[in-house]
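One chain is shown next in C-alpha cells, namely the form predicted on its own.
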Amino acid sequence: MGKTAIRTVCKVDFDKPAAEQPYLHNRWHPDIPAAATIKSGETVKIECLDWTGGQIKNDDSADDVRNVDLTKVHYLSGPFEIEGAQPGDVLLVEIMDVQPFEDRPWGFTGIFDKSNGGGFLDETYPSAAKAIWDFEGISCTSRHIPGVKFAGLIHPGILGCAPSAEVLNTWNTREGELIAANKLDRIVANPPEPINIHAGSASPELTTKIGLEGARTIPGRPEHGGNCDIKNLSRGSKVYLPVHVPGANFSVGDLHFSQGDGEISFCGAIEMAGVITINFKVIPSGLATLGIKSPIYIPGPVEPTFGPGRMLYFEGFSVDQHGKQHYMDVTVAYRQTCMRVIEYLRRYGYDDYQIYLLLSCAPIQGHVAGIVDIPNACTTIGLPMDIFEFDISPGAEVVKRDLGSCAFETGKKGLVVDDAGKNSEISFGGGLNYKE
C-alpha cells in the first residue's frame, strides 16, 4: 500500500460533449457495457462531470437553469465491473476522498423553473434562479448569496449497482402504474424515454433497446440506492449496495460540494465536477448474511460540527400556509418548516430565492421530530448560525443589509405566488396538492 499511484479508471473531457464520452451513461440498464474492470479490494479514482454534463455555466444568468435539458441527465461515470461480484452479493463501497478538479474550483445551486423540473417549494417560487459558489479549500462563498461562508460536506449524490432485467421490469411496472393513476397537472414519474439516451460504448442497436427499457436516473430506488442525495455519504463513509447482475456494474456521479437535508430546490446541492476515490470489496452472499434488501451505510468522520447552542431550530407542522389541516403529512410540515426559515432570514436583507437556495445547499439539519401525535406531524430544520458573517441569533440586533441578488432567468426576478395551493382538497406525498 502506498507504493504505487492509485489507478484512474475513468477520465472525463470538458472539451467533448458528455454524450460522446464512452465512460459515461444516463440510464439504468443491465446491458450497458462496462467502462472498466476493478478488482475486489482495489482503490481507484473516478472522474465525474457535473450531473447535467456541463449545461450550467459560471455566469450571472439563470437562463441555462431554465432551459436545462432534463432528458439528458444524470450523466454517471461507469458502469464498472467488480471482479467476482454475483447476484445476491453485497458491494461494500468505501468513499476514500471526493475533490473538485483543481482547475474548476466552483459549483452551482439552481432553482428549476416549475415547468421544467420544479422543486419542493415550486408552487410558491416557480421561477428559475441560480447561485455560483467559489471553493476556497474546505469552504465556499457565493457572490450571489453574500454574507455566508461554510465548510462543505463533500459527497456523491448518486451511487448504485445496475438492476437485473427483473428488477428493471419491477421499476418500470410500478412507476408506470403511478403515472397511469395520476390526477395531477404535473409529472409524477419519468418512464423510459428514448430521447438523448447515452449508453456508454453500446452499439446503436443496443442503445435503442436501452432507450426503450432503461430507467431514468432521477429517483432513488429501494433495490439499489441510486439518486439518494444523502449529504452524510462523505469521505470515510461505507455504503453496502445490493448486487443484481454479474460484476455488479457500479456507477457513480452527481458530485456535491455541500447540501442541506432534503436538497429542496431539486438542483439544491452545490453541484460540481470532480474526482471520487473509492475502495471496493465484494461480500459474498451479503444480502442474506447482512439481512438487507436496500442499501445501508455508515457515515464518515468528517462532518462539519456546530455546537448545540450554535444551531437555531425551526418547527413546522401538518397545517399548510392557508390554515388547512392535513393528517400526519410530513412533507406539508417540512415545507412549512422551510417557510419559517425564509420568513426569519428575510429581515436581514436576503430575498426569498436567496434563502431557498441557501436552504438547499448549506449544511442544515432536517429532522422528523414527531409522527405519532395526530393530526400533526412535526419536522424541524436546524440552521447553523455560524455560517453567517453577522449575528442571526434571537435577541440580537436585526440590521437589514444590501445583500444583492442571486441570478435569475431573463425577464423574471423572484416571482412569488402568495396563494399557492389555496384551493387544494387532498394532500399527497411530496407535500403538493390536487383537486378531486
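The shown structure was predicted, so the numbers you read here are calculated from the model rather than taken from an experiment. In this text, residue numbers run from 1 along the sequence as written.
Beyond what is shown, the protein has a form predicted in complex with another copy of the chain; the following relates to that form.
Contact annotation for Asp352: none of its heavy atoms lies within 4.5 Å of another copy of the chain in the predicted bound form.
Taking the partner from elsewhere, Lys72 is found to have every heavy atom lying beyond 4.5 Å of another copy of the chain in the predicted bound form.
Contact annotation for Asp386: at least one heavy atom lies within 4.5 Å of another copy of the chain in the predicted bound form. Looking at Glu205, you'd find every heavy atom of it more than 4.5 angstroms from another copy of the chain in the predicted bound form. Exactly one listed residue, out of Glu94, Glu123, Asp113, Glu81, brings a non-hydrogen atom to within 4.5 Å of another copy of the chain in the predicted bound form: Glu94. Between another copy of the chain and the residues Thr37, Asn67, Thr43, Ser61, the one pair within 4.5 Å by heavy atoms in the predicted bound form involves Thr43. Stretch-level contact check against another copy of the chain in the predicted bound form with heavy atoms at 4.5 Å: of 196 to 204, 167 to 175, 245 to 253, 81 to 89, the positive one is 167 to 175. Applying a 4.5 Å heavy atom cutoff to another copy of the chain in the predicted bound form picks out Gln325, His326, Tyr327, Met328, Asp329, Val330, Thr331, Tyr334, Arg340, Glu343, Tyr344, Arg347 from 325 to 349, in order along the sequence.
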